Every structure is written in C-alpha cells, then in structure tokens.
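The chain below stands alone and is given as structure tokens, in the form predicted on its own.
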Amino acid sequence: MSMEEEVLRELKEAFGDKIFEHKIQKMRVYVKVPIDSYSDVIKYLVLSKGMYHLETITGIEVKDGIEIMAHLGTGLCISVRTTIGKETPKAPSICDLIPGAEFYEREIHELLGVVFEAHPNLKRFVLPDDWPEGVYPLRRSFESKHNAPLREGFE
C-alpha cells in the first residue's frame, strides 16, 4: 500500500462518510469534507500525522458556493477541500492549529468575503484602504472599470 493510500485509509477510518470525495495523485491526496468536519480533519492531520506545515490555503468561487482548500504537509501533501454558501460564507479558522494560516485566511476573507470564525485578526491585508466594503474582486459578480464582468465566459 502506498503512503498516499495509507493516509487516505486512515482518514476514512477516522471520519467515515465525512470523507465524501477523494483523489490520489503522486505524493498528493485530495479529500472533500463538509464544512462542519473541515477543522476536525485538519486537526487530525496536525496532531495525529504531524502534518503541521501549511503549504497554502486557496479559495475560489464555484458554481454552488465558495471552495476552500487547505494544503498540508511536506513531501506528501494532503489537500482538504470544503464548500460553503456564497450568501453568508463562514468557515472555522484553523489559526489555533496552524498559526501560519492567519495570512491565507485574511487574503481569502478580503478577496472572496469568507468570514473565518475565531480568526484573531481579519483586518484588511492586500486591498487598498479605500477599497469598498462588500466588494470582492475574486467573485464572479465583480465588475472592473475596464470590462464587465471580469470573468465573463468562465463556468
């Protein structure tokens, strides 16, 4: 059994049907979990597997919401994906588990409007101080002065 298969087996044993999608690529395992299991899976990986290195957290607007994906590990990477609603996008912060998550979560908050609950500091990070509140430049609804809508044609 490969290292990737072993980690996936352990996650399935620990979380059962909460791991409702998965994919293995060389040295990378992707799992998709519901939002209420997102921080629990990351906590398991940090405490039980020693995967405390956070490569990055990515966020993207998808058809049915906003997807957040935390990428943990060195060598072998585990990517934990979850999707939240666009109307009131909230997710648990993982800063208490991995302090380096603070800047990634602030960036996703600012660019996509996700509120990371229990985050220690969600103040502005990358956008200018005069950027309008409630306008998120990575959302499909964002319109630039130069073209309307910025991401037209992408689904």
Partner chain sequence: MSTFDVPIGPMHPALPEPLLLKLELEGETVVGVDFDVSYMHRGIEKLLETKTYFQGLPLVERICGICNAAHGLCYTLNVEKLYDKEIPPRAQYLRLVVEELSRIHSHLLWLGIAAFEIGFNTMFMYTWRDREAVMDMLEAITGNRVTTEYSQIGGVRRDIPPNLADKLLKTMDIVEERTKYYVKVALTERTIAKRTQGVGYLSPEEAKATCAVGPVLRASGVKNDIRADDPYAAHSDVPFNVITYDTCDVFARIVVRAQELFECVNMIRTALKNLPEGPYRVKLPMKPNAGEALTRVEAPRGELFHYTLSEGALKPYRYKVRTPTLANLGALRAMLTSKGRYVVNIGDVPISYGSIDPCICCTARVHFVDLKKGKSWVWTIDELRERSKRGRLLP
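Note that the structure is a prediction, hence the values are computed from the model and not measured. Numbering follows the first chain given and starts at 1.
One more form of this protein exists, namely the form predicted in complex with its partner chain; it is left out here, but the text below deals with it.
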Next item on the list: State yes or no: in the predicted complex, is some non-hydrogen atom of residue 75 no more than 4.5 angstroms from a non-hydrogen atom of its partner chain?
Entry: yes
Next item on the list: With heavy atoms only and a cut-off of 4.5 Å, decide whether residue 92 touches its partner chain in the predicted complex.
Entry: no
Notebook entry, point to check: Can you check whether residue 111 is within 4.5 Å of its partner chain in the predicted complex, heavy atom basis?
Noted result: yes
Next item on the list: Determine whether any heavy atom of residue 49 comes within 4.5 Å of a heavy atom of its partner chain in the predicted complex, and answer yes or no.
Entry: no
Checklist line | Non-hydrogen atom within 4.5 Å of its partner chain in the predicted complex for each of 23, 99 and 126 | finding: yes
Next item on the list: Check each of 42, 33, 66, 54 and return the one that places a heavy atom within 4.5 angstroms of its partner chain in the predicted complex.
Entry: 54
